[in-house]
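Just one chain is shown here, as structure tokens, and it is the form predicted alone.
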């Protein structure tokens, strides 16, 4: 149904579309006063979310995640490295976030998206500070060999809440991760055992295994606009109402981080508390989605 015009009638769909483009704030405010959004959601409701594990057959762990139209493909490749002298019993994690031109009309070919390195840094800080992964689990031989986990996340459709979808895809990929079997070759180097060379020396680790994930972080991005709080915004909502707050909680409900990259609206204590409360609800939803995706998954 269209919007009411000045004469009390209703504007046609064409007129509504023109009004939305010319006066986006007024268009949204006409919905917000009814506690509704143009896509039919309530202000506190997140979009439909799904997670599919094993999306990339050549990766050691992978996941395809969708939050609304926002789509992320995460893949992990494991490589053997020499650990640092400072942390001889720990492996490493390297995270990169990519936004190819196909993900959004504002991303131009040949020009890296400004958002990509920011999200990469946020992901690295969140995953490492949350304690989700014990880096000692990535050790193979103290001081000689450890795992380097390369996590690459590709944004296939950037329709808002990019960090939330990227973090969920990272968590799902690590949940799916199967650490390869390795052995010592004739030169004394630790190498991954493949089907071609599995008849060699005794494996260092007997079989593929999964990581033990603790304090799994989940996030929710909210928009603050006047007295309204909009959970899980679309790209259009983010471009119109520019004040964002991202809350990250772990699976036990503990605060991991809070991120507010500027914006014209001040984040008062009451607003932050409301955002945290919405995030607690969202964590339960995302944990259920992740549990359903990993249920029955076995190491080959």
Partner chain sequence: MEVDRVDGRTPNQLRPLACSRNVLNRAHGSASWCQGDTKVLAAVYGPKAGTKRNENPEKACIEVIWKPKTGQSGKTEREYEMILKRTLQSICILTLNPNTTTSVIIQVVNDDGALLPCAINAACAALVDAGIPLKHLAVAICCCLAESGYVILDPSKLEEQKMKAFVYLVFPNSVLSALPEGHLKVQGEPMEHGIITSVTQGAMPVDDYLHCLERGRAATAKMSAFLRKSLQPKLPTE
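Numbering follows the first chain given and starts at 1. This one's a predicted model, so the numbers in the text were calculated from it and none came from an experiment.
The protein also exists as the form predicted together with the partner chain; that form is not presented, and the subsequent description refers to it.
The candidate site formed by 129, 261 and 266 is fully in contact with the partner chain in the predicted bound form, as each residue has a non-hydrogen atom within 4.5 angstroms of it. In plain terms, the part of the chain that comes close to the partner chain in the predicted bound form, with a heavy atom within 4.5 Å, is 252 to 260 out of 53 to 61, 29 to 37, 66 to 74, 252 to 260.
Site annotation in the predicted bound form: the residue of 104, 183, 120, 139 reaching within 4.5 Å of the partner chain with a heavy atom is 120. With a 4.5 Å cutoff on heavy atoms, residue 85 does not count as touching the partner chain in the predicted bound form; it lies far away.
Taking the partner from the other structure, the partner chain in the predicted bound form has no heavy atom within 4.5 Å of any heavy atom of residue 212. Residue contact check for residue 79: none of its heavy atoms lie within 4.5 Å of the partner chain in the predicted bound form. For the chain shown alone, residue 89 is not a contact residue for the partner chain in the predicted bound form, no non-hydrogen atom being within 4.5 angstroms.
Heavy atoms closer than or equal to 4.5 Å to the partner chain in the predicted bound form belong, across 234 to 248, to one residue only: 242.
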